[in-house]
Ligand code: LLP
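There is one chain below, alone, in structure tokens, taken in the form predicted alone.
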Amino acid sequence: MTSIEYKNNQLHIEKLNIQEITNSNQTPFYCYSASYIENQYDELHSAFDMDIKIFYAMKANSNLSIIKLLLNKGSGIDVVSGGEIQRSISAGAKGKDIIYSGIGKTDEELKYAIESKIHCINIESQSELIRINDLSKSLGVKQNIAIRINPDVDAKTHIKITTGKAENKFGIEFDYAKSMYNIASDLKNINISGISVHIGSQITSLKPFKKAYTIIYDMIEDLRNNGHKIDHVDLGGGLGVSYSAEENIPTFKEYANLIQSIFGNSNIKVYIEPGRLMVANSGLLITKVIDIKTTTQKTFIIVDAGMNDFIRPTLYGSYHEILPVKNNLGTSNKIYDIVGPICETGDYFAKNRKMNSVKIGSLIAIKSVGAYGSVQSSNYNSRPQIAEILVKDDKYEIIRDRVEVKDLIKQEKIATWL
């Protein structure tokens, strides 16, 4: 689905001219296509010829409207904190819709999860398992759990987002997995429900998935033969998205066929937890050119968005296509660095990039920002937190207000002794 395209040299998102949105909204701001997200969910779900449950990994974009949009499609929610549980419930999720993943769960968060009757907690350590049992006992309930296995598989992705190697902090080492299930089976307030694995994010080949899923399949068979009831397998997320036309990403059908070839005859429920996949290419960051500065070394396009608004390029060295909103100023052979106003050399969105001509006051759009954009933003340099906008057909709504500096200052106090 193409939800972002030029019409008469004006960049549109769905049926709306972005220029018209900026007439009533201060730049910079995030803008998402609702139809794109809905279409991604439908295409992924329909790629499977077996019963499968999608749990949206909301860490990718935790806006209440995005969560609600996917809940309405039938998705569950994958959370990694007590705050994300609260957000999910605020968006309309029920406990049965939620899986709690992630390392470092506090007693307070676990108690809240258990009291919220969430579907399953993915276990990261023996001590976490014991704490859940103790908390469940104090509340007079049994809690469904799955144990997250670290299969020591290299996902061949960015070092900061690989999660399935033995050196990573996530999951139970493969050699200790059986003993963990034996310990869990002796705990009276624990109900073993499944097994979990997640090897990383933005994975662009099916080979690491095949290796990890085959290891998990063999473990399921072994656990069942030893008397453990494994009702579901949680395969995590991680299938990558195209950030540029050159990237070759497996199709949804190829991904589905792989999963079905391994688990299709296992009499087991299959869960997947896509996040980036659902939302990344739904989003634009709309920003305005403040200045164009030429030195003996470089030409800089300076925009009003900063790395506090969108940190992926400097944090991960990620590529994002950048387009002029008005595409009638002609082409340019010049090479630009596109940078923000933050007092850091790392405050950039692109380096040595060719793009169509722009001038001071021009609007540009940074693409593929729907995932890990707004959620990783900050108020560094006392900059306002920017608005988020959701578009559907020819209408839009502001789904997060811009937070002005005066509102930030209200959250702070000068010590009484100063």
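Small disclaimer: the values here were computed from a predicted structure and weren't measured. For every residue, the number given is its place in the sequence shown, counted from 1.
The discussion below concerns the form predicted in complex with the ligand, not included here.
When the ligand is considered in the predicted complex, residue 174 lies well away from it, no heavy atom lying within 4.5 Å. Contact check for residue 238: a heavy atom falls within 4.5 Å of the ligand in the predicted complex.
The ligand is not drawn, but in the predicted complex it has no heavy atom within 4.5 Å of residue 39. The shortest heavy atom separation between residue 316 and the ligand in the predicted complex is within 4.5 Å. Site annotation in the predicted complex: the residue of 287, 201, 88, 282 reaching within 4.5 Å of the ligand with a heavy atom is 201. Here is the short version: of 35, 379, 376, 357, the single residue with a heavy atom within 4.5 Å of the ligand in the predicted complex is 376. Residues within 4.5 angstroms of the ligand in the predicted complex, judged by any non-hydrogen atom, belong to 230 to 238 and to none of the other stretches in 263 to 271, 230 to 238, 133 to 141, 337 to 345. Contacts between stretch 87 to 122 and the ligand, counted in the predicted complex as any heavy atom lying within 4.5 Å, involve 101 alone.
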